[in-house]
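Before any questions on how it binds or moves, here is one chain, the form predicted on its own, in structure tokens.
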């Protein structure tokens, strides 16, 4: 049976960087669950679907076909035969993704996709409801967090490096806090620390320190796979 490392936390907490590094260390496939919600949001906007209308989003969601492929140690997503690339990382996607993610039909569809990925092998899955709703029975569950200031700095740095930055640090922080509120208060699978999950505050930690903390907390037989 495939093993799953589940990592939740708010935007900018370091989930992606940590998950990718842990995956490389163990030979687990990295899975970015948030990209699926971004893809759904992107397709809604492309087709003129009102993302503020749960009924409209729910009706549209089944028509979005996502193909999952294993590429370079991760699960890559394709829509209509093409990878979405940075199109799902633009500010307009950030501004609408949380609304789309509150729609129960969207969450149910994406949860089913994520659970089906175990057919590809061992996984390290990052997101906001992975430890609570998608893989609640995993023995390796983590909640990464960091201060709003640290998260805003990381997100702005990431956007600058990708050439898509168009917001001040304060604007980035405000956006993150707004998304935190939506994610943590939605009725369907809200963002929260799962009972039994290990919380790691990465505000003053290096990437290497966070990765080491995750690896050290894994079940003993999983750690035996480390080179």
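Nothing here was measured: the structure is a model prediction, and the numbers come from that model. Positions refer to the first chain, counted from 1.
Missing here is the form predicted in complex with 2'-deoxycytidine-5'-monophosphate; even so, the following discussion is about that form.
So, a 4.5 angstroms cut-off on heavy atom distances: do all three of 122, 138 and 140 pass it with respect to 2'-deoxycytidine-5'-monophosphate in the predicted complex?
No.
Spot the stretch among 61 to 69, 193 to 201, 27 to 35, 43 to 51 with residues whose non-hydrogen atoms come within 4.5 Å of 2'-deoxycytidine-5'-monophosphate in the predicted complex.
Comparing against 2'-deoxycytidine-5'-monophosphate in the predicted complex, the contact stretch is 27 to 35.
Using heavy atoms and a 4.5 Å limit, would one call residue 144 a contact residue for 2'-deoxycytidine-5'-monophosphate in the predicted complex?
No, residue 144 sits far enough from 2'-deoxycytidine-5'-monophosphate in the predicted complex that none of its heavy atoms falls within 4.5 Å.
Would residue 151 show up as a contact with 2'-deoxycytidine-5'-monophosphate in the predicted complex if we use heavy atoms at 4.5 Å?
Answer no; every heavy atom of residue 151 is more than 4.5 Å from 2'-deoxycytidine-5'-monophosphate in the predicted complex.
Could you tell me if residue 97 has a non-hydrogen atom within 4.5 Å of 2'-deoxycytidine-5'-monophosphate in the predicted complex?
Residue 97 belongs to the contact set for 2'-deoxycytidine-5'-monophosphate.
Please determine whether residue 89 contacts 2'-deoxycytidine-5'-monophosphate in the predicted complex, using a 4.5 Å cut-off between heavy atoms.
Yes, residue 89 is a contact residue.
Quick one: which residues from 108 to 131 get a non-hydrogen atom within 4.5 Å of 2'-deoxycytidine-5'-monophosphate in the predicted complex?
Going through 108 to 131 in order - heavy atoms within 4.5 Å of 2'-deoxycytidine-5'-monophosphate in the predicted complex - the hits are 127, 128, 129, 130.
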